[in-house]
Ligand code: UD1
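Okay, so here's just one chain, in structure tokens, the form predicted alone.
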Amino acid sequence: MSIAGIILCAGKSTRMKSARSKVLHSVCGKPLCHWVIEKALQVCDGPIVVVVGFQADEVQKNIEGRFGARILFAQQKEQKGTADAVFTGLGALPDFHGTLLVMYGDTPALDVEKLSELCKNQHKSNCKVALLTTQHFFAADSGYGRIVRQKDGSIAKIVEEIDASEEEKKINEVNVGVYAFDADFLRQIPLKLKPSNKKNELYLTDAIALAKTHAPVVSIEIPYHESIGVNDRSDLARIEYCLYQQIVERWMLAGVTFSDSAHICVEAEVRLGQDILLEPGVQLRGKTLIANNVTIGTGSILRDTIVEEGAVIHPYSICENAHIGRNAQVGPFARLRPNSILEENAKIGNFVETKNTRFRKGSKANHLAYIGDAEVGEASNVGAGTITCNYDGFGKHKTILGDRVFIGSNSTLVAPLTIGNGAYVAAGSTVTKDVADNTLAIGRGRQENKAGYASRLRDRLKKRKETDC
């Protein structure tokens, strides 16, 4: 049995109230259409065609960027209905004979096993079409097509809501919009369909009535949450909630502890080890990778970040495109910007920000510092209030600290700058010249103490204030 796919991504979807194609809206970290295409790739052994229309170039570019040459494209230049879209896709498969899986690009929660079963049922029963249905007990004004059955229980037709009678609108069994067609049958019916509905479009559902004249239509009922298609932002929120719950359930079964699963966000492409503790409000986004025995504290947000075994991310830390080494510590209230690398046992403490910086093994910046475009050697200490002056208004410059360097509090390191192994920078220094190994650098103004002058200064300031008043 050979299975090809057609995925419909041409619609404008005015109900989204968006200038962007609906299928490019993100759910759990990736576009809606990516979810559907990934599932089609698991089911289909033949080619997959994505039908584009609204914002065709943007949709095609996005899909090609993720899936490359594995996907074919067909453009529906005028949106004349779902049947016209499928026939457009079928035109890209002139030599295909087998089962054709048809899906919408906005139904991300479909189950791969059910899709495979649908295609197998179509092939084994030799029917012209098999389809998925679901029970929607709030179907009135939902936009779903109703499944109309004959007295013997077989499917007679599908009626779109806009064309349904009041009695038909009371039907709770609805069409999901996923079909397994016999490809040769589908090629024969374009001239048999007429735009007889109120919107003057060609509906794919009209093919069901034609198919049943050859053989009974096969159906599989699936749970409603798997069938949700996205028509507006309310649907988008609903399906995202369902998918997040599936993701959380999968990781809990794999050995991850969620201390408050309803308020933790783990996106689809995140990968987790075992014995991880995720506290309330944690967000793991993008291609974040967390190894075993890691704790991530309340309110922390990690995007495209690698965390090695035994590391601790304390509450309310933000890490983006960072690499956190084995047994390292971050936060609380720390920010690791792109290309921040912490080696084993390194520590970035509260209100410390790093960017394009490597902290080597055992080095630390415990409080209130900005370290950007820097290399910090092993076992070095960066004191509170320290900043690297890495930008001169035109370009970025690098600060290099050797091993076992001590930077006193409130120091200003003006790049480009190299501070050698074992060097010591006195607190409050502004350092503009390189510091050799094992050297003490003091870069601050000379202090002068004037005995008795404090009271004279207060009197002078007091008189100035009175005069101003």
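Counting begins at 1, following the sequence as shown. Computed from a predicted structure; not experimentally measured.
The form predicted together with the named molecule exists for this protein as well; it is not shown, and the discussion that follows is about that form.
Chemist: Looking at 229-237, 384-392, 349-357, 254-262, which one sits within 4.5 Å of the named molecule in the model of the complex if you count heavy atoms only?
Modeler: Selected stretch: 229-237.
Chemist: So which of T205, S116, S219, Q283 reaches within 4.5 angstroms of the named molecule in the model of the complex, heavy atom to heavy atom?
Modeler: By the 4.5 Å criterion, the partner-contacting residue is T205.
Chemist: Sort through N321, N121, N345, Q76 and report the residue having a heavy atom within 4.5 Å of the named molecule in the model of the complex.
Modeler: Looking at N321, N121, N345, Q76 one by one, just Q76 meets the 4.5 Å heavy-atom criterion.
Chemist: Would you check, heavy atoms only and a 4.5 Å threshold, whether L8 touches the named molecule in the model of the complex?
Modeler: Result yes; L8 sits at the interface with the named molecule in the model of the complex.
Chemist: Looking in the model of the complex, any heavy atom of T82 within 4.5 Å of the named molecule?
Modeler: Contact with the named molecule, yes.
Chemist: Please determine whether F181 contacts the named molecule in the model of the complex, using a 4.5 Å cut-off between heavy atoms.
Modeler: Flag for F181 set to no.
Chemist: Heavy atom to heavy atom, is G145 within 4.5 Å of the named molecule in the model of the complex?
Modeler: Flag for G145 set to yes.
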